[in-house]
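Here we start with a single chain on its own, the form predicted on its own, put down as structure tokens.
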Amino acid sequence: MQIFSIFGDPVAHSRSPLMHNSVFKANNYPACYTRTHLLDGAKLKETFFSLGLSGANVTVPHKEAAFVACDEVRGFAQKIGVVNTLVNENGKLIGYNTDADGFMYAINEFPNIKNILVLGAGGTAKALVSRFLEEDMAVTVLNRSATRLAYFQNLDCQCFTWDDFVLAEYDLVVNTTSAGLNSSDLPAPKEIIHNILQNTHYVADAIYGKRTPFLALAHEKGLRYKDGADMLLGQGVLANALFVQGKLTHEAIQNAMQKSFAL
């Protein structure tokens, strides 16, 4: 029996156990998936191996710590320095990132996206911004402070803090912060958010399973929006494929995982 988990703080809200266990049960795959509340990202590797895990997912705020913890990082994660999926490969911790492709899957229904505003500058933002740039989209990043913006400035993104933000027109605005997850907070001051929502066509939030205050404002303004459920599904299918290492088809994984969202 293989054991998998998700690391995060907070983590009690995570649907990942339901998603992955649905795949394992539907396909008679000998594995189970649980949650691990991790306060200190520096202890991720130690905790991973002490629990005897075969693999794991990583959510906020530990995705950059997961990159540091890995013995080897592969694919897109190597480019951005952010890991959300871990695999135990013969005692070595191998890191991947499935967030970005999961999000591209999620916004397929929004046509003609060329200009994106990203709220926040953490690990999820790094993954999404780098992927947007690969698709030749123009990206602006807005963060509370300038502390984390250097990474995005080096990618030739327009970067602003709350204090120096200059409004423009956007096709899509994406919240990558945790604002609204367990509170009534917005990802930026209310006046800024109101102005942003007056100047965009579509809105997305990486948070799933609830209409955040940010999405509630988008709804009030009659904008098309979506939460992070499709992103969660997209990245989850890719992560599970890494966990089972070819023993299940992509179709079998997606079918079972999709059904879990109705539970």
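Treat the numbers as computed from the prediction; the structure is a model and nothing was measured. Sequential numbering from 1, following the sequence displayed.
Heads up, the form predicted together with a small molecule isn't pictured, but that's what we're talking about next.
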query: Position in contact with the small molecule when the complex is considered in the predicted complex, options 56, 231, 204, 66, heavy atoms within 4.5 Å; finding: 231
query: Partner contact for residue 173 in the predicted complex: the small molecule, 4.5 angstroms, heavy atom; finding: no
query: Distance check, residue 208 to the small molecule in the predicted complex, heavy atom within 4.5 Å; finding: yes
query: 4.5 angstroms heavy atom contact with the small molecule in the predicted complex for residue 61; finding: yes
query: is_contact(residue 121, the small molecule) in the predicted complex, heavy atom dist at most 4.5 Å; finding: yes
query: Heavy atom contact within 4.5 Å of the small molecule in the predicted complex, the stretch among 179-187, 69-77, 110-118, 87-95; finding: 179-187
